[in-house]
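First, one chain by itself: the form predicted on its own, in C-alpha cells.
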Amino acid sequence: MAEFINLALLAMLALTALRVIFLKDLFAVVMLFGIYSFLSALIFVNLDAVDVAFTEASVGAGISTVLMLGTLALTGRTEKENKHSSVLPLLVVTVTGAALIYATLDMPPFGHPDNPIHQHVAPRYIEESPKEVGLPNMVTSVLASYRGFDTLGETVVVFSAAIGVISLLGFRRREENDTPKSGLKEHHVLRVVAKIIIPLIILFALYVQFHGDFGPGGGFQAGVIAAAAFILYALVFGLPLAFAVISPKFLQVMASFGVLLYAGVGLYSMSQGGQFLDYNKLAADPVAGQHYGILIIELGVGITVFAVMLSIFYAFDSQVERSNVQ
C-alpha cells in the first residue's frame, strides 16, 4: 500500500512538473510549484520523514510561494516569448537526464538493510544518541548536536540571504494614508478571521519551537511559521501597520542576534575547556548540557529564520507598493 501511494504521488509530481514546463502564465506556475511542494511533503510523510515534510510544507509551499508572488508582482504575469531555438536546451536536458538515469544503475537496492547508508553513522546515532544526547527526537539530536557545525552554517547562509536581498531591494516606508486602498485590506471578513487566526499561528510556532526535542519541529520550522503569521498581518492590514508592529531595523537586529546566540554557545563551551559547540560543558551532567545547548541554539535558529523571512517579505512588499503608486 505504501509503495502504491508513493507511485501515485510520484506520478502527480511528474504531471505537475510537465505542466509547469508548458505554461506561460507565471501565476499558474507559482501555484503549481506550491502544489509540487505539498506533494513532496506528502511523500516525505509516507517515508516517515516527518521533520523534512514539515520543513517542505512550511518553506516550500508556504513562504517560498509568497515570495515568488511578490517577485511576480514586480516583474509581470506572462512569460516573454522565447525567440531562440529550443533544440539545444532540449538536447542538454535529454543528455543530462540520460546520464542521471545511467548513474542510478550502480545504486544499491532501495531499502535494503545492507546498503552503505545503514552501515555507516546511522547505527551509531540510533544506538548512542539516547545515552549521549537523551532526546526522544533523534532528528533533533543529529541536526543540533552531532551536526551542529552544519546547522550553524545553514543559519549563516540564511542570514547571508537576508543581507543580499536587503542590499539589493532595501526597505521603503509608506504612510498609511499614502497606501493604495485596494486588495486584502478592503475585505472585512479576512480582517476578522486574521485577528482570530494570527495568535493561533504564533502559539503553534512557539509549540513547534520548544517541542522540537520531543517531536517534529525545531527552529527552522518555527521561524517560518511565526514569519507566516506576520506576513498574513501585513497582507491583510497593510505594510505600514506591520512596520509599526515589527520594524525592519529590529528585524535586522534579531537576525544578527540569532546567529550570535548560536555561535555564543560554542564560544562559551570553549571557555569552559571544551571544544566549539561541545554542549557537555554547559552543565555538570553532560546529558543536561546537551539539552541546554540544543534548546539555546534552536532558539537562535528560530529567531534568525523568523527575522530573515519577514525581512525578505518586507523588502519585496515595499517594492510592490512603490510600483503600485508609480
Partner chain sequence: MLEQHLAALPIILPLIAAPLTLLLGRSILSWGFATFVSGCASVVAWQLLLAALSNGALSYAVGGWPPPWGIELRIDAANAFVLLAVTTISTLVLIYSKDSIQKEIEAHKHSLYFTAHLLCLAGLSGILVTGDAFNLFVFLEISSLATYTLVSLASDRRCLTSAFRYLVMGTIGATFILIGVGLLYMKTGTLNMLDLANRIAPYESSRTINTGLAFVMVGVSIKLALFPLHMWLPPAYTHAPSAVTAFLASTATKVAVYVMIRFIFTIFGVEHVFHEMNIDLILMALAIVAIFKCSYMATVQSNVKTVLAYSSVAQIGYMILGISLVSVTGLMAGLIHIFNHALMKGALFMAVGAVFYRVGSVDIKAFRGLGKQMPLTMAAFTIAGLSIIGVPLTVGFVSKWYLVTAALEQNQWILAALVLGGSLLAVVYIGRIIEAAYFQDLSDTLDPNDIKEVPLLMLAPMWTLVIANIYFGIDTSITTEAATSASEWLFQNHNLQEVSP
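Bear in mind the structure is a predicted one, so any value in this text is a computation, not a measurement. Residue numbers count along the first chain shown, from 1.
This protein has a second form, the form predicted in complex with the partner chain, left out of what is shown; the following refers to that one.
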property: Among the candidates Phe210, Tyr233, Phe243, Tyr146, the residue which, in the predicted bound form, approaches the partner chain to within 4.5 Å (heavy atoms); result: Tyr146
property: Contact residue in the predicted bound form, from Ala205, Val133, Leu239, Ala228 (heavy atom within 4.5 Å of the partner chain); result: Val133
property: Contact flag, Ile166 vs the partner chain in the predicted bound form, heavy atom cut 4.5 Å; result: yes
property: Non-hydrogen atom contact Ser247 with the partner chain in the predicted bound form at 4.5 angstroms; result: no
property: Contact test in the predicted bound form: Ala288 vs the partner chain, heavy atoms, 4.5 Å; result: no
property: is_contact(Ala103, the partner chain) in the predicted bound form, heavy atom dist at most 4.5 Å; result: yes
property: Members of 270 to 285 lying within 4.5 angstroms of the partner chain, judged by heavy atom, in the predicted bound form; result: Met270, Gly274, Gln275, Phe276, Leu277, Asp278
